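As a starting point, one isolated chain is supplied in structure tokens, in the form predicted alone.
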Amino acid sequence: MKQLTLTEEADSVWQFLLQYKSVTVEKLVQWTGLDQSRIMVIGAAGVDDGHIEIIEIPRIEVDPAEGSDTLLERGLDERRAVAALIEEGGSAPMPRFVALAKEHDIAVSAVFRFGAARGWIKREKGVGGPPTVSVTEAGRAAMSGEAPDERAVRLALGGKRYLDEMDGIDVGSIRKLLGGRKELARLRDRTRRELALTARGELAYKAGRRLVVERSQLTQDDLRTGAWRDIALRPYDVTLPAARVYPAKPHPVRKIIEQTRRAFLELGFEEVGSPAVEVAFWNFDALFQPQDHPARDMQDTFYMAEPAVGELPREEWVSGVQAAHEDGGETGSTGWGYRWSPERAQAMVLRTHCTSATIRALARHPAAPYKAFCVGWTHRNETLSYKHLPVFHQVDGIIIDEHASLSTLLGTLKAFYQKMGFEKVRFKPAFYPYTEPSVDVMVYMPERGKWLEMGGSGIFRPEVTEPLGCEHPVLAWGLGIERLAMLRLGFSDIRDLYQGGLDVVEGVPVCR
């Protein structure tokens, strides 16, 4: 058997491997004082010679979310809901349960999602009345102790972050209960590596070894004195994992915005803008949206308290829009048939789309040909979900051309998405008060295996264009930027773009 040759560093590792059956890399780092990368280089060299075995053990880390300790102290929504129902006698009609939830600041959706998954709460059809929400026996029993996921998060907060370190924890139930609960914790797949001597390695070590000094380079003295014979040049393994470096780069949404701007500028469009705090005239009325339309209610639109009202534009635009709403004016339409209110048109809102910018541009430049677009913040009173945000970016555009048609619109939008790297684009019929015909733009999202609506488009109705002095067909669209970013960057949840933490943003590739 060839004599074993080891460096001093490697020898320190081998001694521990000879003493113990197997040792984790973390323990070897702690005991030898060597860097983890050096331990792995020594282990890899031993693997090549058949002397060492590297054992990889998958682990699951529980990473508590910020504020999870507060959630546990307060009590999860489903736990507090069970307690409230027990005080009510164990069950309550749905209206009463909703009132209880509001009284105790409990999210009803979380109760039905997680309380039902735990088997704590059940919802039953009412007999001649509303549905009933009841506590199960499992729910009553849960009040006397911690649920597995609550215990796992509490242990992780105390320092035990891996499930294999936690006694009596079922991995399957933890994955089910914590898998979709980012406000409480995230589950991360990790790998624990252990080094162990093989039988061949143990025999080689006991047969005797030759110790050498390991260096990264030789000196003149080493060559002159012959000391180089007992020096081993340190090898470099470029395949070993190194520390990740996160250089400065734009936020992924900002990067998509700049790519969107570049795409439309390359298509010959002019970029325009408008105020984020907009007068309702440009946000709604100039787009032939009736003043009693549901989208103008406070549950959909944010109204300003100060300033509450703004100034209307030039009189000929206002009178033309008023006539279009009331009886169609000179557009050939019958209008909406109500008395238009200038006061409602003066209300100040957070703009709900950037079409307020393109309709302003149309009013300033009604002659054909003309192409303009705007990218900016928009605001809608939306419920947060994997595809909805209350504040988001939108790109809106118009094309004024005497020969413009629906095929021109579809071709322009398809060309834009192809510039952004997408081939699977389709359109479906839609309805909007200010365009006819109207179509929704759909792009395929492979992460969820479904088509995602990107925005609406169509040809402006005469009631929109003619009051502003435009007598040519006008193509228009409004597309969501964050949804586009989801597709480009591989996100399955739009909230991660802003709430995912620095590690999520850092992990986005510079080029994709």
Partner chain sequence: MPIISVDARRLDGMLANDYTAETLGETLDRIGCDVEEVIDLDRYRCPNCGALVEGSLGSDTVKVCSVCGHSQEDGFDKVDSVTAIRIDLLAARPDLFDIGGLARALKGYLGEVRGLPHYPVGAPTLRVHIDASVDSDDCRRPYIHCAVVEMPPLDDAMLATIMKMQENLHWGVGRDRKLASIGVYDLATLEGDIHYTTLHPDDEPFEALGMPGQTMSGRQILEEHPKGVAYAGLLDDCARYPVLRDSKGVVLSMPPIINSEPTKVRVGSTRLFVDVTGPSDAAVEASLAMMVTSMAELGGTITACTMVRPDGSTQVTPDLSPETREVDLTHAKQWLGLPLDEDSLTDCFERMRLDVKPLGEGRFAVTYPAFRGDIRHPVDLLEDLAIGFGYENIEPALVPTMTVGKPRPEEVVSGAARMVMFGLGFTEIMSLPMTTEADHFTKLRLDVPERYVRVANPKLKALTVVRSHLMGGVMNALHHNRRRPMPVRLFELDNCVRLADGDEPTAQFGAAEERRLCFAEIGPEAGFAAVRSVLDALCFELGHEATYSATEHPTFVEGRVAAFSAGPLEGVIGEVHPEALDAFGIDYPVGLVEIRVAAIDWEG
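Being a predicted model, the structure only gives us computed values, none of them experimental. Numbering follows the first chain given and starts at 1.
Form predicted together with its partner chain: not shown, discussed below.
Peer 1: Within 4.5 angstroms, counting heavy atoms, which one of the listed stretches 295-303, 234-242, 160-168, 189-197 is next to its partner chain in the predicted bound form?
Peer 2: Answer to the contact question: 295-303.
Peer 1: At the 4.5 Å heavy atom threshold, is Phe427 in contact with its partner chain in the predicted bound form?
Peer 2: Close contact exists here: in the predicted bound form, Phe427 approaches its partner chain to within 4.5 Å, heavy atoms only.
Peer 1: I'd like to know whether Gln259 contacts its partner chain in the predicted bound form, with contact meaning heavy atoms within 4.5 angstroms.
Peer 2: Contact with its partner chain, no.
Peer 1: With the partner left out of view, is Arg364 within 4.5 angstroms of its partner chain in the predicted bound form by any non-hydrogen atom?
Peer 2: Yes - in the predicted bound form, heavy atoms of Arg364 and its partner chain come within 4.5 Å of each other.
Peer 1: So, Gln499 and its partner chain: in the predicted bound form, are they within 4.5 Å at any heavy atom pair?
Peer 2: Yes, contact at 4.5 Å.
Peer 1: Consider the chain as shown here, without its partner, and state which of Gly411, Gly179, Gly126, Gly421 has a heavy atom within 4.5 Å of its partner chain in the predicted bound form.
Peer 2: Partner contact (heavy atom, 4.5 Å) among the options: Gly411.
Peer 1: Looking at Val318, Val439, Leu71, Ile106, which has any heavy atom no more than 4.5 Å from its partner chain in the predicted bound form?
Peer 2: None of the others qualify; the residue that does is Val439.
Peer 1: Taking a heavy atom within 4.5 Å as contact, would all three of Glu271, His393 and Glu506 count as contacting its partner chain in the predicted bound form?
Peer 2: Per the other structure, all of Glu271, His393 and Glu506 touch its partner chain.
Peer 1: Which residues within 335-353 place at least one heavy atom within 4.5 Å of its partner chain in the predicted bound form?
Peer 2: Heavy-atom contacts to its partner chain in the predicted bound form: Gly335, Trp336, Met348, Leu350.
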